[in-house]
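Next up: a single chain in structure tokens, the form predicted on its own.
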């Protein structure tokens, strides 16, 4: 009898230990991204981690999973949908395939400048787009950013749209981006960022297009010779959480997550601003030839047909709201 009681007690202790371990695991949030931790995405993740751990008194902890260790951006989105990844910071590159309403943000030469882009995304238009994520199993918590995108290549200076002809340029896995570079006469190749540096080293592609923060975080000067400040797309990014894990939080904890996401957005944007300021000097100091002044009107005209394709497929309501907000 005493043996049975002892066995029962040991089983109870084991069960409690298992439950405690489960609770601890549930409160450890992995936040996944493809850039290095020392990047604009890393700045968002670090600020989120600091704020949520402070607000929760350490009950919620965060592990930053950088450098694509949990997969490319599409895999991160899919992981959040099924709950295998708690959180992520991604560009809008593959997002349109999950939330088509966000495709509007990928249109070329849509935003006038950073101030306009941020004001619109922080307002009702941006919130409506964030709300569109919940039905696919993801809570979109805030609009961070990559910044305006520029072109680099290893072949020649790009000064006009004609200079893009037949150039193999890596783009994000995004139909609007592919269509835009096709309209410029380039040969765009969609590719997860995890593969890009190797492809540039091997000559599989001639160039790529990303914001200044990506240039710096990945030391783009080691694999590219020329940079052109086209500013052809403004590239937002998103701080997101799996709805599977969101629904396990109390209302108070959800409030902490939202507050921490806001801190992440602020840190990310400050990092991008600093990279824009120091970027040109860094590129030139490391041997790149930089073309600062380009005829944006010529580039915009060359890709104008992309707008017709977009509106015929997705309509123009949100696009017109964004245009009106910048007048």
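Owing to the predicted nature of the structure, the values given are computational and were not obtained by experimental measurement. Residue numbers count along the first chain shown, from 1.
Unshown form predicted in complex with a small molecule; subsequent notes refer to it.
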| item | value |
| --- | --- |
| Contact flag, residue 245 vs the small molecule in the predicted complex, heavy atom cut 4.5 Å | no |
| Contact label in the predicted complex: residue 73 to the small molecule, heavy atom within 4.5 Å | yes |
| Contact label in the predicted complex: residue 34 to the small molecule, heavy atom within 4.5 Å | yes |
| Contact label in the predicted complex: residue 172 to the small molecule, heavy atom within 4.5 Å | yes |
| Of 95, 214, 240, 144, the one that lies within 4.5 Å of the small molecule in the predicted complex (heavy atoms) | 214 |
| Contact check for 41, 91 and 193 against the small molecule in the predicted complex, heavy atom at 4.5 Å | yes |
| Partner-facing stretch of 164-172, 113-121, 222-230, 197-205, counted where any non-hydrogen atom is within 4.5 angstroms of the small molecule in the predicted complex | 164-172 |
